[in-house]
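The form predicted alone is given below as one chain in structure tokens.
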């Protein structure tokens, strides 16, 4: 993520955040640059300590509330969670989520004291129109292995995978595979999994499934999501 002081700050008019002229084009340029630095390679084995990051917004709509967790896959238990808050600078603009949530997420990740090996994000990675969703953007900035786990499809098309957990189908955008639709629980809607950084899609699929505890979401993301719902109300 680019340092905040390299961005133009949004104005606030009548309590509404506004994007300054030209900023979206700056964001596009940054996304293309970050995407060129993303590396795709197999991840060896399965990580024991898996981090996850998720964000929500305070009930008054003024703060981004970010949560990062570390989950012990072998003991199936949460070992650490932290919370970071930042004032919102920008309104929601589709495909630019990392510029709205990224700074707070990075703050939370930096607060983690326990070592972790892979981080999962509640959002897209390579499965993005410019191949730079929030999972890729932050993972590249950290230069750490990362995975994007989207609850819904941002771009591309995928056939519905089989109904059993573990079934998957390619997610194709502009004649390129950008991720997969992955069934993580029998009969529930698939997730859209893609590479963040220093990962390939086969490794990402294996890790997401290994982090399952019988729910649709992999456990680290499910825990982070649950904590954000509590913290946003404070």
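Residue numbers count along the first chain shown, from 1. Since the structure is predicted, the reported quantities are computational estimates derived from the model, not experimental observations.
Unshown form predicted together with the DNA; subsequent notes refer to it.
Residues within 4.5 angstroms of the DNA in the predicted complex, judged by any non-hydrogen atom, belong to 117-125 and to none of the other stretches in 79-87, 158-166, 138-146, 117-125.
Not displayed here, the DNA is kept clear of residue 50 by more than 4.5 Å at the level of heavy atoms in the predicted complex. Remark: residue 150 counts among the residues lining the DNA in the predicted complex, judged by a heavy atom distance of 4.5 Å or less. Residue contact check for residue 180: none of its heavy atoms lie within 4.5 Å of the DNA in the predicted complex.
In the predicted complex, at least one heavy atom of residue 57 sits within 4.5 Å of the DNA. Shown here without its partner, the chain carries 92, 100 and 154, all of which come within 4.5 Å of the DNA in the predicted complex through at least one heavy atom.
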